[in-house]
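Heads up, what comes next is one protein chain in two forms, each shown on its own as structure tokens, labelled structure 1 and structure 2.
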Structure 1
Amino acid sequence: MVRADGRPVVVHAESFAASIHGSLGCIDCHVDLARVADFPHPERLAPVTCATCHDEPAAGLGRSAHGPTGGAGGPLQCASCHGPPHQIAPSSAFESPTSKLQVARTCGQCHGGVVAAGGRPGPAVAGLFADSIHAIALTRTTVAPTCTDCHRSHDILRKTDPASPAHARNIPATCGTCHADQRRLYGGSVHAAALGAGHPLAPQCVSCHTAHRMAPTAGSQWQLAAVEQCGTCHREALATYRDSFHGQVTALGFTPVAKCVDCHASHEIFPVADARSTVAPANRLATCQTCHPSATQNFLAFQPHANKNDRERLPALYYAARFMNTLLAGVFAFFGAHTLLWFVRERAESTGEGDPRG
């Protein structure tokens, strides 16, 4: 028996017997063999239809991004993920390409930045996932998520599909299957309200944590990057934060100062006018005291997002900033002119033009 490309098909009896299909007979899958009266049978048999037994997975694959119309390099076949047809192991077995510990490597065959058979390079997400906290956790426990926990296994849909668990509006529920407390806190926030209202840029889990390369939130690199991430939506707030002592210290790469989440919280973020907000007038002192235990009511006079260009809100700061800018420009102009005139004088004296005895 040969494949369509002319290569021979060798079925090892021992390997097949140890597979999940080992209890089946040849004609259970190769139904056209049942019509063969004499052997040897024809060299080329009709393709096996896995849907005969696995109708639901086959239907899910058919309508997925890996199906006939979704795949960039053509549709995937069952054996693309499950391995050689005569050696398929149950997903519970470690050696199975679809086991919890192996599935990321299997997906990485196409989603590792390499060229899939007959297609174009897939997105290089497998390498990003390999460095993530989820992948590291998988080395210790199978409870940690892998590709199929977030994208499903057969009916994998593109993230732009509203039915996909990776769609922006569904991501809180997807992540919430493991992170229930964070989902509950986020569910009442101003960000969740915007997401539910259909705002296309409303932040959700992957907006801050990324989708595949998730780093520990306790790390300095993540905390500094989170400040910039908040600034993608809150540009003015980021600019005024950078003018403050807190912002200037974080810009130098140091984290032991107040950052966005230290004042506004991370998941349960509410508008300032909301009494539940950590920066509401009644809660602001307690928030400051988490870093400054001796802070008093006078501490609240500090403006963490003071805008020196807002004359109506902060006229004193506005005119003080203008005065300082004018003073600075005047000092540079005065001493610049002084230096220039001094240079002219030195030049004249060196050539003798300024010597009265010449």
Structure 2
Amino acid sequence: MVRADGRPVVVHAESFAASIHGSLGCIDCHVDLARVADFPHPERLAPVTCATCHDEPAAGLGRSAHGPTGGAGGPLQCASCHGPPHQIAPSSAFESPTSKLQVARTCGQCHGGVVAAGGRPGPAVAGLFADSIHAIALTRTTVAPTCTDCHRSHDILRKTDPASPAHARNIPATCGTCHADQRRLYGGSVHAAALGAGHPLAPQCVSCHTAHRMAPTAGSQWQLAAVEQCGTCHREALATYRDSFHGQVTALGFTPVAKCVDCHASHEIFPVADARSTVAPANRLATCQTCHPSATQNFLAFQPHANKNDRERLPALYYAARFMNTLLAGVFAFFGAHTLLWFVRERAESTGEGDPRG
């Protein structure tokens, strides 16, 4: 049996019976079918309302970024993610497009940067996620998160929405669902305080770890990028760090020297005036000793962020820099001129030319 346009009307009884809705009758969903007396019934039936049973997910979808008022991405239907209506499998089933192992692929249909004709692209993040430490972990344990663990599934909100778990203010709680200790440590930090006070640039988890790409923190690429990330706000500190041996080595792409977090700590960062800070005067030597085990009190007069133009703070460095500049300029100016004059004169002598002035 076929429709007017030739498509088959067959509902595969076997696959429907195997679906999560297999125990339901046709009229449980196609409620208008219950009122039809003459068969075959009219070709067009009323759209099925999943909300009749699934009121909460449906309500969530309705107010989400994927809902009718969601804008560019919407609206999605239940079947957009859950698959063909007569074959819907529970999310606990591996073959379901909403199972934990399939979600990233399902979301990637729109958020993968490649969109079928007529489709509308969402932010292309699925590819980034695919290379992330979370995606790799997901191949080993389903404890690892996928899209829906951070963004929720039905009531997905834009990250600019203060109610979204991906909103900057909510990210520490979202990540902290799994990374509880990091959340605890970060929670007391100067950065968390700034975030709480509404500072627009205050760093939270994804500022350094990124949201989707999420690289392993043991990797040098991520560690070096984190240094640059600190420098987006702490510009002067990054510039002076780059003048130090530590900063020069990391600039060359090598990590076995002090980076920001090695001295300042990573999640539990406090201002230097705070006694809990790893760079507070009382804690500084112990911090140096993590890399320089036999560091002495004299290390404390070393300035890891030395600015050679700061006469007040480091007069010796200031005057040493001025002296070296003068020495270099003097030597090269004198011998540059000496060499140039010599060259001209000796070439004249070699070629037997006389005094140009006659």
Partner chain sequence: MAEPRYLRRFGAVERAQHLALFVSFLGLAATGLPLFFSDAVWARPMAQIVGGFAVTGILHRTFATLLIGVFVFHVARIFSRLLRGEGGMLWGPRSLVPQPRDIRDLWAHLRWFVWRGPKPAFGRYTYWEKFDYWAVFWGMVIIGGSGLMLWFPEFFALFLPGWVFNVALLVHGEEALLAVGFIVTIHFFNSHMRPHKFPMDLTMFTGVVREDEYARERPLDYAVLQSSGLEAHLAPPPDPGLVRRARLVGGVAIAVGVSLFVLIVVASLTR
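Counting starts at 1 with the first residue of structure 1 and goes up one by one along its sequence. Think of the rigid core as the biggest set of C-alphas that the two forms share within 1.5 Å after superposition. A quick note: this is a predicted structure, and the numbers were derived from the prediction, not measured.
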Q.
Two copies of the same chain, shown separately. Which of them is the form predicted on its own?
A. 1
Q: Would you pick which one of Glu228, Ala137, Pro304, His212 lies where the chain hinges as its rigid parts rotate between structures 1 and 2?
A: Pro304
Q. What angle, to the whole degree, separates the smaller rigid part's two positions between structures 1 and 2 once the larger part is lined up on its C-alpha atoms?
A. 8
Q: On a rigid core superposition, how far has the CA of Ala321 moved between structures 1 and 2, in Å, if you could check?
A: 2.5
